[in-house]
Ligand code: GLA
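Consider the single chain below, provided in structure tokens and representing the form predicted alone.
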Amino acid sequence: MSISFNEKTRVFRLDTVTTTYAFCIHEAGFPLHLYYGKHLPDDDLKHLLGRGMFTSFSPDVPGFSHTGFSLDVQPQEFPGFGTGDFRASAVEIQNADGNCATDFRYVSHNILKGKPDLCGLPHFRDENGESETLVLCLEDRATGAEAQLLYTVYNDLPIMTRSVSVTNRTEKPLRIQRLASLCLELPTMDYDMIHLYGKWGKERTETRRALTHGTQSIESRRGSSSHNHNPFVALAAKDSAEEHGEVYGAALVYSGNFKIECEVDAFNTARLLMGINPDGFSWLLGPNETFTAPEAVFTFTDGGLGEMSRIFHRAIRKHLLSGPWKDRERPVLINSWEAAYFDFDDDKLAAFAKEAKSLGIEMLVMDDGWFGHRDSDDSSLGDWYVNEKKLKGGLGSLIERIHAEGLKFGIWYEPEMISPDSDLYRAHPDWCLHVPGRENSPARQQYVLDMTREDVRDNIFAQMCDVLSKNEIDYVKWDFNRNLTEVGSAALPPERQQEVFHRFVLGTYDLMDRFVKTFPNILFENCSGGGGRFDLGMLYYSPQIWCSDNTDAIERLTIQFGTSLCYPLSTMGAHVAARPRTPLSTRAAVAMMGTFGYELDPRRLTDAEKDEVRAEIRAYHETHRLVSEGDLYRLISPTQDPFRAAWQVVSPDKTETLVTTVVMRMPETMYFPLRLAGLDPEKRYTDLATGETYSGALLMYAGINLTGRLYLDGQSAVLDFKAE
């Protein structure tokens, strides 16, 4: 890992363990991209810059007429708007005279050991000095705006992070209209764009399509990263597959409106941009004020989509997640939602706990319905005090009863929301997001609190803190159950109303940061109607996110496979639910592709099912470390095979592997040889269930014959191999 600058050629090189990223400073001052890909030993890369002639409609850069240099075709690190590059720009700033022409050029740079924090924003960490950062200083001389581009490389993984900040060095305000966190130029369009689309209950389905001339984009305007599109994208060579081929992967560390776009120009080159969605966004920047955009993380590999995923998984586990639950085994929990919904009291929850303890479950989570006068989803959000008609002895009494059974206790909150039928709304109707003169659009019978306001955040923090500090609570599920409409704030002047979307996200981050610092030992799980806010920004504050409200095992395969393109298994909240179309064993096998828990009434299980649950929990404890720390191999994708799905986790030292296969629907043939991956071909592996021993070479190149074992709808098998 190293960052270097060649004074003679004015070329920057950023080298990771397997990749090289290079750009140069043109004599006009523009940072121009040269290369990103597999590691190069060469020092002089400037000859890669040439892109041939441009058209007569491509303007010259002032002072460089007749030199063959036009921004219209140049691969730029930070392309501006309105000064000669007609492609999508990374930055657009309206200056004091009202125009938006933007032109940033190199001033200086600095190379730092380590990685600066991004104040108020989640970001990849460097707690052990394992990184270097290039700070590239640019200036728009006409407007007085300054920009700092931060590039960080790590010494243990082929990842890089990018972030950008803009400072106003003038005495007049500037208005940022667009500021992308990442601009990546590619010399060819010969890639497929892979992203994750979906909806509530069907999140993060992988889709793949070829780049074509023009612009392809995914985005969210919903106020959150959303169920519909995820802030992750991969550009994969057309011949690439799961375990071979060139792949670029990128993700945004952000939980609000985003846009990812890839534009292919007439010269067949591609420009990838990623950042805050410019729709509905602008930021008024006063004199000497600085605005910082969210961070982007990206990687390159020639080892296919599987290796791209494993790189992201290792990086997220090591450099993004934090706190005591980062590496700790998570307790097996049972959540009350699908067992009782709003219909519970302290006696029912205590009965759940008693039965759950007998099965080996370690935590009871009381979901929605414990506060205010909430018996349905039409009231009480914002009133975070205990409903003692339900919990007759109060929350402390209930927790004592749960602890007496030997279980930990968790609780549900939806801190960013408010019900029109609540004491808080009646006292402070202006505390919700709203636009003067317009009625608020209700969704799920609730509005959204104005998280841009410190007084609102202080109120919610004080209410929740009162409950969390006075009771022994081990887990908090943090939910977010609607999108943002009528996005206005009574606390901001008219000229700042287009800042509300972003300020809302910053306010949420501030509130989460206060909670994780005040209650460092609580396990926080994020949620947004399931997976509506499954992003790197949320993972900075909570080590796991409820993957989807859809708990059907077969449907979960597509959701969890898609999620795994970027996110580690240890971050995916996954439970066994009372969904009878698949056997209990299959539901457990799929849930073990995540954090593992239960979402059912344990009193309704038969004696045989209870014995099965006990065995599943023992298996979870035996394999937890492998699943949470191992390398994932997606052997058969449910989006590519209509019959079966299969995945494998391999320990870092390749001494153990867990292989899971699920039959989604009856296949056309019983013959089923399954090739494994990621093993040491020289080692011999024993199937712990049968005692049979195989070489790693045989398991990978010939496969294990599962003919006849996996044929009927809903069948599954989990194979555990250990090296001799």
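This is a predicted model, so every value here is computed, not measured. In this text, residue numbers run from 1 along the sequence as written.
As for the form predicted together with this ligand, it is not shown, yet the points below apply to it.
Using a 4.5 Å cut-off to this ligand in the predicted complex, each of 444, 530 and 549 places a heavy atom inside that distance. In the predicted complex, this ligand stays beyond 4.5 Å of every heavy atom belonging to residue 140. Using a 4.5 Å cutoff between non-hydrogen atoms, residue 337 counts as a contact of this ligand in the predicted complex. Proximity of residue 477 to this ligand in the predicted complex falls within the 4.5 Å heavy atom cutoff. Within 4.5 Å of any heavy atom of this ligand in the predicted complex lies no heavy atom of residue 586. Residue heavy atoms within 4.5 Å of this ligand in the predicted complex occur in exactly one stretch of 166-174, 365-373, 625-633, 85-93, and that stretch is 365-373. None of 281, 106, 412, 541 but one reaches within 4.5 angstroms of this ligand in the predicted complex through a heavy atom, and that residue is 412. Proximity to this ligand in the predicted complex, defined as a heavy atom within 4.5 Å, singles out one entry of 133, 558, 481, 148, which is 481.
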